Structure formats: C-alpha cells, structure tokens
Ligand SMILES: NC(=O)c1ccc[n+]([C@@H]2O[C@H](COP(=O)([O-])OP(=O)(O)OC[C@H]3O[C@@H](n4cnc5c(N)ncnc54)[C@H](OP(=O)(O)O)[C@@H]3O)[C@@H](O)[C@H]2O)c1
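The chain below stands alone and is given as structure tokens, in the form predicted alone.
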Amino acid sequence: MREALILAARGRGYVEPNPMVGCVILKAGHVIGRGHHQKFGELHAEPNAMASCTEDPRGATAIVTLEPCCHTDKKTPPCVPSLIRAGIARVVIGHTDPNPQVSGNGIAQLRAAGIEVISDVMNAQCRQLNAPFFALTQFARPYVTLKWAQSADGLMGGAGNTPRQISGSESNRFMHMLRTRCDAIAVSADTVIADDPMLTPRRVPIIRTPLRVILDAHLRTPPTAKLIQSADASPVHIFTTVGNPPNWPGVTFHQTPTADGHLDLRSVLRELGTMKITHLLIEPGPRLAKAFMQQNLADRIWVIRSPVPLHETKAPAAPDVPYPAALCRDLGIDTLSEYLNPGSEVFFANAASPESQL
C-alpha cells in the first residue's frame, strides 16, 4: 500500500477533479504490475496496473489506494468489471470512495463476484492523500492552502506593505511548481495594490493554468492592475460586496455576502466549489492569513522561512501557526514547513503532502 500511495501521488495536478489513485498487483509474493491514474479523462489506476503485468494476473492480489469505481456515467469504463474479468482473487483497499455513486458499491460487486476484499489498509494516509477530493465531494468546497514567505525576524514584507524579496531563487521556483498544480490562486485587494502580481506559474513546466481570484470586499482593485489588464488572455474572478461592478473584459464579479463588514469567506469557498475548484492556493498578506486561520478555513499552510532578517520595526508580522509541522525541508538557503490543520473537516493524518516533497 505504501508503494501504491507513492504511485498515486504522481497524479497530483493532472487528475483533478478526480482523486489520485495508485495500484500494485502481487502474485506469488512478488509485484507483477504497477499503475496509477495519470490524467483526467484517461484510464484509472487498476487497468493501467493490469496492462503493465509481466504475467497473467489471474489469481493475483490488487492493492489499490481507493475503492475501485463501479459507475458508468463518466469518461472511462468502470474498474470493478475489469478486475473481475482479469480473474483477480483478492483486492486490498485503502479507503472507500466518498462518491455516493460508488461508496461501498464497488466492494459489494467485487464480493458478489467471489473476490476477497480487505478494506481500510492505511486508511488515514490514503484519505489524507485525497483530502482535496473529500473537500469537494463531501463538503462542496475546495481544499485551502495558505502560502507565505517570512524573514528570519518573522516579517512578511516591508513597512507600509512595501514589497520585499524574502525567499531565494530555489524557493521561488518551487512555489511556481506548486502554482501549476492548483486549480485557482487567490489574493486580497491589499496584495494587488501593494505587489501588482500576475498569479501565473512561470519558468516551470505548465501542468495547468490556475484560475486567478481576487478577494476584494470594497472593490479597491485598480483597473490598471496587471491582473485586470491581462484578464482577456487569462480570466480573473473578483469576489466583492459591491453591486453594479464595472464591465472589465475577462473579469467575472461574484456578489458575495458580508460577515462582520468583510467578505463572507465561507460563501467564497462554496461558490468556488460550484466551479469544481479542487485546490485553492491563497497567497495572503497577514490580515487575510489570520482571517482564514481564525475561521478554521485553512486546511494546509506552507511557510517559507528565510535566514535573512528585514529589521523593519513597522513591517507586518507573519501569524503564528499553532499546528505541528508535517514536514520541514531545505529549499536552497530557505526552509519550507508544511502544516496540516488538525481541526479541518478533511484532516485524516499528519502526513506530508506529495507536492511539498517535489
């Protein structure tokens, strides 16, 4: 199952909104086939593993991270019939599929065909791998990751929100790799005004081009911002409480309820869920980061810590992260720490996510 998890993780960024799935086929105590779901709309892990078999899989054991699918109203054939036809004798499953069209039905069909089924093997780790899939399928909202860089003295920028280069070149390349594995990237109007970002992955192979999102309660985004000026080529979505917004080409406005005078962040996430956004990467300033953390809306946090201090007494300080780190690793001169929120409704295990180990 550990090997199947490693295989499954190769699908991050390619398979969404599908789950990542890996499969290993054993016969007479040795591996005869391996496979994973490689791309949305293409074959799933089980048929890929069976196609790679070095000998007849009849009588073998299939170890798969997620319950094999059995429904037909989708792009690819169901996996349960292919396992039955191949003569697989036993199926070992990490966790059941939260999709109500499958949940438990795949297992029932396998058993009805006389196949032994063992379930819940490394259940928590398999579920954590697909926490974004659970977020969208069960809670109709994206998986939320906060990401920021901070200096050695805990600052996120210069005084008066003046932009400062904090992280090194290796960290910057790493974060662009993470961008291209997400469905959407969001910033606040404060960040648009201070940094004028483009929010596009650059200087890395492009897996997907994320949707660009601005959280702007009072519509302070200037029409001259790079995000707005480039919206014709790459659409931008703005969540605001202001009615009768301007007609900016390529920009979609979402009228959003207020909560204590600010955007209702839960409403924002629900709206993004209707758009089938699986991974939402938020690159916040300290105020937006605190809002997501205080409302328990951050599922995961990445912090890049520089060894270089800024020494600016009036600069904004990064919030403290109250969770234990799932991973710490060096990125050139910097250090990346990944934190998983144990209070999240899609927290299953404090296991480092595959993209944090790229």
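Computed from a prediction, not measured in an experiment: that's the story for all the values here. A residue's number is simply how far along the shown sequence it sits, counting from 1.
Not pictured, yet referred to below: the form predicted together with the ligand.
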| property | result |
| --- | --- |
| Full three-residue contact with the ligand in the predicted complex, heavy atom 4.5 Å, for 75, 132 and 139 | no |
| Partner-proximal stretch of 187 to 195, 223 to 231, 86 to 94, 106 to 114 relative to the ligand in the predicted complex, 4.5 angstroms, heavy atom | 187 to 195 |
| Interface residue in the predicted complex among 280, 149, 80, 126, criterion: non-hydrogen atom within 4.5 angstroms of the ligand | 149 |
| The unique member of 291, 31, 321, 331 whose heavy atoms fall within 4.5 Å of the ligand in the predicted complex | 291 |
| is_contact(residue 156, the ligand) in the predicted complex, heavy atom dist at most 4.5 Å | yes |
| Contact test in the predicted complex: residue 168 vs the ligand, heavy atoms, 4.5 Å | no |
| Contact test in the predicted complex: residue 284 vs the ligand, heavy atoms, 4.5 Å | yes |
| In the predicted complex, residue 295 touching the ligand (heavy atom, 4.5 Å) | yes |
| Heavy atom contacts to the ligand in the predicted complex at 4.5 Å, residues of 107 to 146 in sequence order | none |
